[in-house]
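The chain that follows stands alone, in the form predicted alone, written as structure tokens.
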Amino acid sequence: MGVKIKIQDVDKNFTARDGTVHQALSKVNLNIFEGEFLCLLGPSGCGKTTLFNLLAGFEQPTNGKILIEGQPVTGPNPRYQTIFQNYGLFPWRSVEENIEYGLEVAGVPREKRKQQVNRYVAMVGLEKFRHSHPRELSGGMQQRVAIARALAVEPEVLFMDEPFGALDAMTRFRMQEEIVRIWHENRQTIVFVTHDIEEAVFLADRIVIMSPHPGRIKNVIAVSMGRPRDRTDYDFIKIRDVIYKEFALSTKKELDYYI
């Protein structure tokens, strides 16, 4: 696999109203490979969402650079779609109209739009709800619409910021299985932000563990298990426990930081 995204010596600073400079990220270096499912994992305040925003082009690094296929990321790009926890659906548009939106903006001909909508409505299992509006759907169904809308424009990279965080546990498990199935079929590069260790182990090819003060990459763990994954499997539990130990050590250091 070739390198799809390269993060080189990235720092990110924010200036408070009183002029105090806060360093959110320090010297972040990472290669993300084409077709990889990569999870950014860490507690609140570790900089994972800041790094996510830099990758998606919503913000720019203070120092260093981010390249996608060798080109600097200077802003959002339709080739790289972003999915957030709050779904971002248009309440006045039906399921199929929401999925069609990005294709309309891109000027895709009507017949091609229809084909794409049909494909992705079926892919996320919402054929019976294609004419429904967001208010008529459960949270998990709304998130499936958001995923289908992003995939319909056939992006090269999918950025996902804790997309299942607001869902109940069972729906979250189903959505994790769903995104793995969709990823396996499409093989886009996915960068997925989460603070849930088991979610990261279930989803990722590699897990990037981040720590705070300032945000930085502490470790990168390859998940060498096959798919589908069983959360009760010995290898799954072993990898999960390795990460728990990493976080236990980080938590102790963080407490020491404040004392």
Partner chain sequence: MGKKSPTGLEKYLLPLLTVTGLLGIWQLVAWLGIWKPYELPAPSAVVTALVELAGQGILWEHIGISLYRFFIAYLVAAVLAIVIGLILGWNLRLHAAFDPLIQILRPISPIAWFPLAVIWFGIGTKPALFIIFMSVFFPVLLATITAVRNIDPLYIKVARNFGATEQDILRKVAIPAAFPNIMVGLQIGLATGWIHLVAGEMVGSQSGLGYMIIDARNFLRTDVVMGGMFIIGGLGLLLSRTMSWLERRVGAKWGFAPREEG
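Residue numbers count along the first chain shown, from 1. These numbers come from a predicted model, not from an experiment.
There is another form of this protein, the form predicted in complex with the partner chain, and it is not shown here; the text below is about that form.
Does at least one non-hydrogen atom of G125 fall within 4.5 angstroms of the partner chain in the model of the complex?
No, G125 stays farther than 4.5 Å from the partner chain in the model of the complex.
Whether E104 contacts the partner chain in the model of the complex should be assessed with a 4.5 Å heavy atom distance threshold; does it?
Yes, contact at 4.5 Å.
Proximity of R93 to the partner chain in the model of the complex, heavy atoms at 4.5 Å:
The answer is yes: R93 has a heavy atom within 4.5 Å of the partner chain.
Under a 4.5 Å heavy atom criterion, is N31 part of the interface with the partner chain in the model of the complex?
Output for N31 is no: heavy atoms all beyond 4.5 Å of the partner chain.
Select, from the options 117-125, 166-174, 180-188, 84-92, the stretch whose residues sit within 4.5 angstroms of the partner chain in the model of the complex by heavy atom distance.
Comparing against the partner chain in the model of the complex, the contact stretch is 84-92.
Could you pull out the residues of 17-56 that have any heavy atom within 4.5 Å of the partner chain in the model of the complex?
Contacts from 17-56: just N53.
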